[in-house]
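Next comes just one chain, in structure tokens: the form predicted alone.
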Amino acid sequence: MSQRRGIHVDQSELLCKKGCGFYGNGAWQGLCSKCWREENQREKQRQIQEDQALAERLQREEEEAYASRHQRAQSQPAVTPFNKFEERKTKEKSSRVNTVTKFFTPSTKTPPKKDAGPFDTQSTPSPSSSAGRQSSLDRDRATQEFIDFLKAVKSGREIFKQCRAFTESMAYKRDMGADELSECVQDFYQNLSDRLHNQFKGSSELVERVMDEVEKYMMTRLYTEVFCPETTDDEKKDLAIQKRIRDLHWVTIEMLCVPVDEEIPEVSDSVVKAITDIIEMDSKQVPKDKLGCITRCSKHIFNGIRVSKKEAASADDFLPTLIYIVLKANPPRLQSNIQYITRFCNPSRLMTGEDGYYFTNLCCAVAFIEKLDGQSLNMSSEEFELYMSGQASPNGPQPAASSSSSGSAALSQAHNSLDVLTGLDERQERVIEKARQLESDLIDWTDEVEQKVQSALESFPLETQQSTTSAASETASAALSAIDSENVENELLPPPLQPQVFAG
């Protein structure tokens, strides 16, 4: 077999195609957010001009047609009274129908209630549900944290008013598409950032902190409506990529040329943490927090590569490993999370920095998985299709011909089952043998202990100890009696006094 090709992406391919130096994104046709917005604005202006030209042309044609009809009407004889009566009757009937239709048709110009929150629709969870209560708590907490942060910022009250007014104004735009909503949010980010830079000149770090808090406040309040909206096909893409990853479960670490040795405990721990972080991304609401999960996942990957290779990891090692992690994790709602970050994240964070770099690599990894084929894994297309359909496995014997692929798959499964049973039989025999050896060792140990105890009893009999004890007690009593017998002076003592009765 020929030498396997590694997965390589030139770092220049991650940058914007316009050559501005910022990171590009596949969702923006390889452009950064700044160039994409400029290109989108130019396209919209061109479309507006074309629509205006079309409207003017249609208006001219309508005027010409009207003039032509008017000229023909003047040349025709007058309409009879009966014809006028029929025309008037038809108009009255059409008017009555239109009036009834308008009466039963809800007006599209009715604004939402003033006391309703942004995007309050029937799809909003009921306040009595646990999800609705949790969402309300998250919004209240984000609002309070935003207010506490702005207390120490100059003109913080004005910033809060602008953010709250914009968030509430989004209620009037709930029928807009996701791209239009994204453009509104990005315009607000840009305008607010420009005003803050003019106000806090020389304090770019403060501006970034304020913009981070603005993003957190706004996206927490708008998350339930702008994440995976019904006007997009994000959910369909989520299901497609999940099925694709499930079908690629047979891809091994060797096929992707991943320089990671999971036999090393530290490397295995880094892989598990990376998988956990990429899955945790779906539980976050703020785009910055989702990017943080991607960044932590990437750092665990770099650590695993460094420990495995015992040297610093390179970018060529990182992308295949990231693809392997995504295949193992199969993150929930992957496309929706990528689109949400792309649409509503602070653009400066995606264009530069480690967050933007790791996010761009994740987009490349997802694009590679979607287009993965046999050539990418250095195998034939027939073999790739057999693996994808489940008719064969890379760990089993290869099929001899495509016509007998089904029988070969069944035979391979039977061989694998026999191998497993043989291995279990051998392990059982080893366990039984060791159990018998342990039983024999316990019997020998018991006999040895009994022999030692018996030998000790024979060497030191109990009778000797008992006789010695009785002799000692007899000696003690004799000594006591000897003390009284040797005390001769006791016989010379006078008799004890006797009590006398006194009669007085």
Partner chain sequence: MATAGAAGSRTYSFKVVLLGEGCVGKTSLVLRYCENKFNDKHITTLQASFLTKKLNITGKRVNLAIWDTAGQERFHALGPIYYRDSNGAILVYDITDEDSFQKVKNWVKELRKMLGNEICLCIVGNKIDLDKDRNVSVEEAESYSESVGAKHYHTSAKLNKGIEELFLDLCKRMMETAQAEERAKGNGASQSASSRRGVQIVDDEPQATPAGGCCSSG
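As the structure is a prediction and not an experimental result, all values here were calculated from the model. Positions refer to the first chain, counted from 1.
One more form of this protein, predicted together with its partner chain, exists but is not displayed; see below.
Answer option from Ile432, Leu137, Ala312, Leu421, heavy atom within 4.5 Å of its partner chain in the predicted bound form: Only one listed residue qualifies here, and that residue is Ala312.
Candidate from Thr232, Asn330, Ser155, Thr352 lying within 4.5 Å of its partner chain in the predicted bound form - any heavy atom: Of the listed residues, the single hit is Thr352.
Candidate spot Phe302, Ala367 and Ser376, all three touching its partner chain in the predicted bound form (heavy atom, 4.5 Å): Heavy-atom distance to its partner chain in the predicted bound form: all three under 4.5 Å.
Heavy atom of Asn198 within 4.5 Å of its partner chain in the predicted bound form: Answer yes; at least one heavy atom of Asn198 falls within 4.5 Å of its partner chain in the predicted bound form.
Its partner chain contact at Ser204 in the predicted bound form, heavy atom, 4.5 Å: Yes, Ser204 sits close enough to its partner chain in the predicted bound form that at least one of its heavy atoms falls within 4.5 Å.
Interface membership of Thr167, its partner chain in the predicted bound form, 4.5 Å heavy atom rule: Result no; Thr167 lies far from its partner chain in the predicted bound form.
Its partner chain contact at Asp282 in the predicted bound form, heavy atom, 4.5 Å: Residue-level check for Asp282: no, no contact with its partner chain.
Interface segment, criterion being heavy atoms within 4.5 Å of its partner chain in the predicted bound form, picked from 186-194, 234-242, 219-227, 272-280: In the other structure, the partner sits against 186-194.
Partner contacts in the predicted bound form for 341-361 (non-hydrogen atom within 4.5 angstroms of its partner chain): Residues within 4.5 Å: Ser348, Leu350, Met351, Thr352, Gly353, Glu354, Gly356, Tyr357, Tyr358, Thr360, Asn361.
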